[in-house]
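Look below for two forms of one protein chain, each set out as structure tokens: first structure 1, then structure 2.
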Structure 1
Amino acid sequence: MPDRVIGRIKRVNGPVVEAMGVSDAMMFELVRVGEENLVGEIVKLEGENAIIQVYEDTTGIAPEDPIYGSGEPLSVELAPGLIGNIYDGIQRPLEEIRAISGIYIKRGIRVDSVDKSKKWHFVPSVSEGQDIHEGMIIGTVRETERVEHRILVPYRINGKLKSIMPEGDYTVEETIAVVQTENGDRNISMLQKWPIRKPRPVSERLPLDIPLITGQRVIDTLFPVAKGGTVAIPGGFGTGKTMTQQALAKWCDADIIVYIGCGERGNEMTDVLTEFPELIDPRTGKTLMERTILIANTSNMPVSAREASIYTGVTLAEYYRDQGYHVAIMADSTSRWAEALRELSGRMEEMPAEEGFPAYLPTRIAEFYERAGYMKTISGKDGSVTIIGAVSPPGGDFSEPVTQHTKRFVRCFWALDRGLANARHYPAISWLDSYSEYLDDIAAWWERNVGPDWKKDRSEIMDLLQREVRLQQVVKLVGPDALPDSQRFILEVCTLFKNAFLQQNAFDKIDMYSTVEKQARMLHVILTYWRRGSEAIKHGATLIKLKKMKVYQDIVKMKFSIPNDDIEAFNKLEARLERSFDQLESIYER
């Protein structure tokens, strides 16, 4: 990259640097700041002055220091070799940085995002003379055992294929095809670049009617998200945002996971890095790392790179979507990203709106979530990007701006509840405050793939949970003894549902992931207990009797005792349940 001096520093205020004497620079241009060569981006141009957001610590940077332009916008590199990597917020590989600078991240390090010397086995899928258009797949590379990387024609290249290299091993920079276009021949390699702030184009948006299966019961059964959908997980500190996102990253049925640690803990990234290569994906038998890309811009890393990390992540996700994959993004936490915006905006002395956030906060949030969707890509394949964003409201108060604006732009809301978390009810997703707007859209999928009862059973249990709230209010006034057994039984069934179904232990080998079949059967068992139990009470059975039934303990423990691949066991459990009630009722009928 031919660096040219585009200006000199006028003022340094944390990560925000003002430049003077700038005549030849473009908006969002990638620049290098000072003799230390710190990475920066031009975010404002005004006459001879420019404002630069610097992605590294600016200690020691002084007025008069030079600024070098790169002539291109801040972009990511897209090529085989992304999967399994861990990057910082501007796609610098952290393992490589460690090899150069040890324990700590030193400044001004230049490293390639993808390995330029590694050879990949390329298999062409087009032939010479064929019409070529942007976004088209021209061949494949086995990127990991699990992921076939599909090589796409870069944007704005359309024409006839003049030549294509035969199957063989190539580096990402070697030319693998030549396309004859209106503007002359264009060489194509396996590497392309894309500016992070610009969504990649698609053919069309498709309706969202397939659920993203997460294996988490409270999610799949009560508040499902569709592939291509958007979710917010708000919750105060320690309520389980990270654990929920990690559980999803592990068990959801996406093809690719982009996990963005945005302004959060270093140890959490280390946790993922040590755990994922060991964990086996139940669907493919391959390790989870083989479908995962990590972006780590932890809380102690420069704040402006935190702002960029979200865009870096979503651009990588779109690239795999364009290859025809279902990608899920975990962004932990979007609040830290919003705070980075606020800090940068403050340092640029922009007028603040609510709580110091810039007035464009809602626009930025909307733009981010708009990059999700289920798409017909320009290659012709279907692909999706699902965005799951954690929100960390100050004081756990959901009325603050980031939660409120996010709520406007997402269609699924998993509200984490402090009371549940304190009671160690995990996942602490509130069944009263959460919602999913995808319910109706994906009901048909459940019917086709699991059985006809999902929607009905779900409504029935949600209804009981609502009734429980009203009954609890009564109990709070007059005590539980004032309620008749038929109503106290509702409380019992809800407690059972919470313990036996909603609570899910992320550390238990069997419980950590439930297939949709297991979920449906579990719910059915609990509802059977409810229906038969209320009948029995009508016939005179007491609450104590119902609770002391031996089968009750089996229901409580079914999540741990019945593995996903032993769905048959539910037939037995149900039979036992029915028999127990038959016996019980026979006593009262006599």
Structure 2
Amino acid sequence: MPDRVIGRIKRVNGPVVEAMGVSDAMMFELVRVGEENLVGEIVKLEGENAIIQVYEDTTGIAPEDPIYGSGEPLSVELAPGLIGNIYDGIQRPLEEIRAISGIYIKRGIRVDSVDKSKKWHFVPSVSEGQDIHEGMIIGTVRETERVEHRILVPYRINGKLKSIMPEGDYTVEETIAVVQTENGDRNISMLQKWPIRKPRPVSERLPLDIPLITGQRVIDTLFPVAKGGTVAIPGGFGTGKTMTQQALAKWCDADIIVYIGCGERGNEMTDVLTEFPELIDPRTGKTLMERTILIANTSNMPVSAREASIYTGVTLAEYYRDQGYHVAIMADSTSRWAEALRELSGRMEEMPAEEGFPAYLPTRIAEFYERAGYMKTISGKDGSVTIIGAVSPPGGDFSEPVTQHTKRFVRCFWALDRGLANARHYPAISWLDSYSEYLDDIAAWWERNVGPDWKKDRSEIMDLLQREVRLQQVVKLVGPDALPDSQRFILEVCTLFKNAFLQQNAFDKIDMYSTVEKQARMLHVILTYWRRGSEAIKHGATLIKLKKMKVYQDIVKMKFSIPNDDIEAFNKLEARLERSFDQLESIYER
């Protein structure tokens, strides 16, 4: 426990504590407040007064109680053992806390974020006498069956490797290497710390031209996100934000998942904590927790810890990015984080802006999303952090400040639609209000890896969906029977596309995940039906005849009937489709 008293409490206002007589303190310094040593952080300094944001319940602390300084900012511990853990907003392991204090978190409790007694099998990858630079990988540890933990040289350590331990078992605090620098010898262990509000440095930013494959057709085909990209998922209560993020966590091709439950209801977070360990990673057959870190900061936990939780999560993600991994962050929900900012700002008596949010809300949102990116790391490896943030606008109003400011700083927007959710159409992502600015960036990847028709086919189906909206307005006035078959066919194809392609069943073993090859072939089959059907109608065929073709039902069922690896089945389906139209057209050409 720090024993350096830097000041005394002057006033307590919920999680905000005003201190007096403060000396030898710095901004964002980690402090302990009162005799119970509550965790806090200095957020404002003015003369000998300071404003402290306390991350625990402040009940019982009083004026004149001491404040102890640590001399360092609020930081997270980075070492093997992070994967599979469940933390609160300031990286306290909840399982270990429960073992000590029961189901309630005792105030002032101090638990190591990583197990300091566990030994890890270290395999060195450098040799004595070698030049060492910051961010360099000097060895590896098998953290889980899926994740190889790469031990990095801490920043600002450059020199010549004086000694390194042989392959063997060591704790995270044991010295595994000694580097001779200009300022003397520096010991390196597997444990390092990093301030959560400071982005970890990289060598350079790389173009975002590789898609994050999610297996969800409405996302990958219509509104894709690149690795290192940013996404907002806005939606009202019950529209499926958490469900969508859980599906992405399970199926996306990121190496590491960091799931941040930021201010969500306790029962929702309980579902996440109980379901995630039971979910099976489809790539390894092992539990999904072998590549997942959970941060749980529910709505009944201290509001200030909620404000810190997303910085904790993104710092852990950057650490694994620096090892050369692709990391996806699920932040659920940034609206609750913004509400925490609003409450803390009000208690600090700052001037409010729109809807009571602080004037610096856009800056904080930008700082968070700017930590995403596809990077060339200092170690020389490529890694990425993709941020997928849920937004919970009150009443589903997308014009409120958090949603509007978030739209300014993200390049992908998956708008959830209540009408689709009520109709049990999942994922309930609106194809009218959503957009992705990564289409041109990743088009070359689709052409190389899937086929040359993806961008053209996507544009054609999006055009059909737009035409359907205009026709639906006419249908509301005069009914569908007043439309000619050529226009009614547009409505029919769009309905087919929504039911046979966009809607996805998370409980069906075949339909829960679609490879990009299957997605492209499904879309091509539907568009072939549209193109040939339009020609057939021009030659006199009726819409009823088109719907009565036997192959039509095969198209409707293809998402359930054709497995991901059976591409030959799509060739046969397309061949049957072409033969059916050839037979139909031959009748009307006589």
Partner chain sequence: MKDREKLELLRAKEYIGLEKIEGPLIFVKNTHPVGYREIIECVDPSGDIRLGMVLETSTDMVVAQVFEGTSGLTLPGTKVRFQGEPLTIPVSKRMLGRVFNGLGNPIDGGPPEKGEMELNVNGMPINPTSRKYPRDFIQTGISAIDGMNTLIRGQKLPIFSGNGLPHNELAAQIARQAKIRGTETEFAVIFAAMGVKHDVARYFVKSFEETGVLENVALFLSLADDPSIERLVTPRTALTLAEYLAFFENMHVLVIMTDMTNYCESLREISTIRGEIPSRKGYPGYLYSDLAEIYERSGMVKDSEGSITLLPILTMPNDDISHPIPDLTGYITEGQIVFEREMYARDIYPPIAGLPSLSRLMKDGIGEGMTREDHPHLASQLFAAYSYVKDVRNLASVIGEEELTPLDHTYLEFGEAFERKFISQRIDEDRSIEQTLDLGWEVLRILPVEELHRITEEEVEKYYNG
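For the two forms, the rigid core is made up of the largest set of C-alpha atoms that agree within 1.5 Å on superposition. Residue numbering: sequential along structure 1, first residue numbered 1. Treat the numbers as computed from the prediction; the structure is a model and nothing was measured.
> Of the two forms I pasted, which one is the form predicted alone: 1 or 2?
Note: form predicted alone is structure 2; the other is not.
> Aligning on the core only, does the CA of Lys376 end up 2 angstroms or more away between structures 1 and 2?
No, Lys376 moves less than 2 Å.
> Any CA movement of 2 Å or more for Leu577 between structures 1 and 2, core superposed?
True for Leu577: a C-alpha shift of 2 Å or more.
> Superpose the two forms on their rigid core, then report whether the C-alpha of Glu173 is displaced by 2 angstroms or more between structures 1 and 2.
No; Glu173 is a residue whose C-alpha shifts by less than 2 Å between structures 1 and 2 when the cores are overlaid.
> Phe507: how big is its Cα shift between structures 1 and 2, in Å, with the core superposed?
That residue's C-alpha sits 2.6 Å away in the other form.
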